[in-house]
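Each of the two blocks below gives one form of the same protein chain as structure tokens; they are labelled structure 1 and structure 2.
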Structure 1
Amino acid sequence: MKKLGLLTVVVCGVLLLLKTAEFADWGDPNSPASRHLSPYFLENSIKDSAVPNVVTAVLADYRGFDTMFETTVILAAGLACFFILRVRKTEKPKSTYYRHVPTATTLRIIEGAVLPEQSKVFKRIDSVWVPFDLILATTCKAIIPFIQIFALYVIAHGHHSPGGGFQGGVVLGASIILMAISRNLGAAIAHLKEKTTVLMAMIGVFIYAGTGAFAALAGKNFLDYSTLATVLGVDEIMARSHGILIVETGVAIAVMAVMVWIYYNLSSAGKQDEGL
């Protein structure tokens, strides 16, 4: 059976490769792909939507409907992870670990013992990640704000350079995950609760789909950003440009929230008490 599988894979691969011989060369100006639609996009994206980055114009406007569903795919992944993994009722762990902060002593509290109050003095820590690394925690604490500012830059600059909602959202999500890795899962959850991430994910996709629905309600076709012109007080072309920024923001919020949500569930096998 294994050999049969290997044979199938090899035959399929060889066939696919053989037929690529008929493809046009890389960057061939006469290939169908660069003769047919690309010239339109290159020549008209500025005229149509005032966006210098053609990729952004194609992604978020001409084929914006695809991108809306790509965002939904990410949301679906988050929902799926939550649905399969999340466990609500967990039995109390055998022993829990606390740190006495002033003396940096680690306490192991065995089953049945009285737990200290969560406070500035006693901090709950993960059993799999006992050592507390001051250098790591402090460095990450210092870096995280800059990562987040960079993420905002990536989102906002999608109009002019490579970037946009997906990339910015991932960077933003990574900053929260970095906090969870450098300290512990509980610290990250204390900053950004699970419920908040879920609602943010929904709101992010809603911003995108809602912008589209607004266009439909205002009498044009779904996702036609030019309907925003009256609301924003600009002409239709600039309205398209602003519309792209609005949906990119929605994408960023959704992607960031789903990244964090998936991390919470994956790293703690759905228990969300102690993480990686």
Structure 2
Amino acid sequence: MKKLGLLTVVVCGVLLLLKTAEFADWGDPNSPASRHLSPYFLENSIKDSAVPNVVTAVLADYRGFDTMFETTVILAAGLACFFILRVRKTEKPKSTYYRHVPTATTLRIIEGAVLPEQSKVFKRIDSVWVPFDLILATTCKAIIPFIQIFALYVIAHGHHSPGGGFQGGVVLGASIILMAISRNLGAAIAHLKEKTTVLMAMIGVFIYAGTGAFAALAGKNFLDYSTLATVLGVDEIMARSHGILIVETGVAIAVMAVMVWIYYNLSSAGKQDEGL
């Protein structure tokens, strides 16, 4: 079976390398894309989509189907990691680590001892990251809100400049992961539970696909954002701009949630009891 798989990979790789010779040279002004697609997008993107940034207009409007399925693939990646790694029933570790908050003293509680689960004075910590670093914890706590504000700016401003849902979603997800690394996995899960990440990932994809479905049900083409004009109370051109912002928001929610969801499972080998 391994030999068959290796043979398949080699054959597919050779075919791909042979076909690359037929591609146009990088930056070739006579390539089909340069002669037909690029001139149209540069000349008509603002008129068609009311978006001054051509890249955003291409990704979310002219190539809206592709971007929607890219978001779906991200959700599929999160589901794959969940089904492969997630362990539903886990054995409690033989020893558990807690930190005495007022003194920053680390305590190792062996199996059979009483655990201060509901205590506000003792906080459970990951055994892999036992030492308490005041500078690291304080710095990360201070910069995480600014990271999240910047992520929201990228999402909100993305439909008028380079950036948008994917970039903003990654930055927003990174802020949650930074919390898990600088403090512990439990702190991150307390702020954003696994069920919440799953729900948010599905909602993000639903926002994108739902916008297209609304246009189809209204009798227009799927993802024809001009359909939103009657709902938003604006003209059709501006409705396209607002529609791009809506789907970019859906993309950001899905990317952020899946990114955090995957980290939860990868960092804890699917147990979600202790992280990196």
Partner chain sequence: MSQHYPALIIVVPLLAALAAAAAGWINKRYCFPIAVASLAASFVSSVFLLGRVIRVKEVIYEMAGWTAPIGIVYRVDALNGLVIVVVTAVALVNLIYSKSAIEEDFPDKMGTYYALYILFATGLAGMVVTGDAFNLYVLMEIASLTGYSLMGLRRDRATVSALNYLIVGTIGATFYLLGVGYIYIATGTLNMAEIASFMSQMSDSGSIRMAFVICLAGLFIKMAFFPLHGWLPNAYTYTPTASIGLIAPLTTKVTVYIMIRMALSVFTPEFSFKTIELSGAIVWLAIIGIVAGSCMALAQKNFKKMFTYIIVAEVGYMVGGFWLGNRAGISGSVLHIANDALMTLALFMAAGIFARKIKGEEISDMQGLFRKMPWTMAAFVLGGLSIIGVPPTCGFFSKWYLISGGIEAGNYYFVGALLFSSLINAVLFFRIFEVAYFEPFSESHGHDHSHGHEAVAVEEAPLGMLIPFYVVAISLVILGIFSGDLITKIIYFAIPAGIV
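Structure 1 provides the reference sequence; residues are numbered from 1 along it. Please read all numbers here as calculations on a predicted model, not as lab measurements. Take the two forms, find the largest set of C-alpha atoms that superpose within 1.5 Å, and that set is the rigid core.
Enquirer: Look at both copies of the chain and name the one that is the form predicted alone.
Expert: Answer is structure 2, the other one does not fit.
Enquirer: Using a superposition on the rigid core, decide whether the Cα position of G210 changes by 2 angstroms or more between structures 1 and 2.
Expert: No.
Enquirer: Aligned on the rigid core, do the two forms place the Cα of A24 2 Å or more apart, comparing between structures 1 and 2?
Expert: It does, since the A24 C-alpha is displaced 2 Å or more between structures 1 and 2 after the core fit.
Enquirer: Rotation (°) of the smaller rigid part relative to the larger between structures 1 and 2?
Expert: About the larger part, the smaller one turns by 21 degrees.
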